[in-house]
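In structure tokens, the next block holds one chain alone, the form predicted alone.
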Amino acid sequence: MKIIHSATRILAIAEKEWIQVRRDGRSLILSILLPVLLLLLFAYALNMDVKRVSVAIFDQDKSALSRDLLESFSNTEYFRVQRYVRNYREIDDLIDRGTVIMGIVVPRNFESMYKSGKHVSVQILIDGSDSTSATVAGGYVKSIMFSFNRDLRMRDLNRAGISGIVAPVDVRSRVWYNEELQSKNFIVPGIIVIVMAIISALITSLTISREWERGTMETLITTPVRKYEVYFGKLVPYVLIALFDLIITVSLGYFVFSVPLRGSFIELYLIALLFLIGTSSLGIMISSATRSQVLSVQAAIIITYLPSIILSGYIFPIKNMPGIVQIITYLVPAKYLITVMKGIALKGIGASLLWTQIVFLTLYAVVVGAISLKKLSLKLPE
């Protein structure tokens, strides 16, 4: 009987909270529309692909060989010839203005030096203020120059009557799970996790503080409810809302951004439930500690957004972080769900290979839930 009465009180509190959400249009918009808007904004704005790098060309030789070399850069999707210049000063000016990222300088007597068997250098000037683009663009240049040198050497051998040369080692690479190396397949799953972490903690961070600010907490205290009944009654409706948001965001990733879902959505859904219970409990804990809606929202955003971005391994590799920071990352639940999202969505693996992440998410949900329950007070402040 006690279990039935307790379940009845939990459902009553959950129903009260659901009515509150429906009546408060702002909370409803925050709960349902904001995840969609954030996903669309981040997914369209963030792009790790480095393509169509703007290039300025200073061809001092203007020979047939120099034109062949420069065509190697023109006939690719990775470079876009922005300007042909006449001196170094123009290259400096274009890089300073941000018009181009890279400058290619072909020296005088380029063709004649090559034909005479002398070593000749082509100068590449790259704007290093954007280190990521500079590094990737430098890799593209090396690949193009390698192919150009190989073609030149094969041409010389053919002229000398040597043909049919086969390289002793043939490298054939194959990319798994993201065959076209599209950044959206990397970005969208991570964004879904970060958005869900923010939203789930944000909407629950208003629950207890709203009761205190509106003076309804005193009424709730006078009822025969226990702390765990208030906790679960507040938690259940928002976890259900977050699960609905998860369906929407995953569907957007699949149908709008064409991110594959090779694994089981049910397994993803169940593992994400552990994550949402933990982050929603975090919001209740914040709300219980602050008792102010403004402070609760600010604290929820800071505690969830920054660690999820910086310490989850979503953008910055955890292995490159200092040892003490790597230890701190074990406390960030987004780290585990991002691994789960990529594993199930891109690799198609099952929960049996993700047991480490499941264990940590379970521990996080239990520990944060216990702290939230302890922090929740049904006593008037003295």
Partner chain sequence: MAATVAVEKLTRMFGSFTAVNSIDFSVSRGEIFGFLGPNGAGKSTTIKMLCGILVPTGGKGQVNGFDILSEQEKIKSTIGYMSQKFSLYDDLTVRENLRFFGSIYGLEGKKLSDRIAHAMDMAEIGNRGDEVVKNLPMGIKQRLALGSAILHDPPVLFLDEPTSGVDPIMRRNFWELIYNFSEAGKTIFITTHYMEEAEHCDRIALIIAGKIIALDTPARLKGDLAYEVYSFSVENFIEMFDYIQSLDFVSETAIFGSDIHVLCEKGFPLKRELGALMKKKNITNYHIEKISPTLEDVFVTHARKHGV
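From a predicted model like this one, the values you see are computed outputs, not experimental measurements. Residue numbers count along the first chain shown, from 1.
Below, we refer to the form predicted in complex with its partner chain, which is not included among the displayed structures.
Although the partner is absent from the chain shown here, Ile13, Gly215 and Val225 each have a heavy atom within 4.5 Å of its partner chain in the model of the complex. A heavy atom within 4.5 Å of its partner chain in the model of the complex is found for one listed residue only; from Ile221, Leu252, Leu152, Val81, this is Ile221.
Partner proximity in the model of the complex, defined as non-hydrogen atoms within 4.5 angstroms of its partner chain, places exactly one of 243-251, 257-265, 207-215, 272-280 at the interface: 207-215.
The closest non-hydrogen atom of Lys2 lies beyond 4.5 Å of its partner chain in the model of the complex. Taking the partner from elsewhere, Lys374 is found to have every heavy atom lying beyond 4.5 Å of its partner chain in the model of the complex.
A residue is said to contact a partner when one of its heavy atoms sits within 4.5 Å of a partner heavy atom; Val359 fails this definition for its partner chain in the model of the complex, lying far away. Contact check for Ala370: every heavy atom lies farther than 4.5 Å from its partner chain in the model of the complex. Within 4.5 angstroms of its partner chain in the model of the complex, the stretch 350-379 places a non-hydrogen atom from each of Leu378, Lys379, taken in sequence order.
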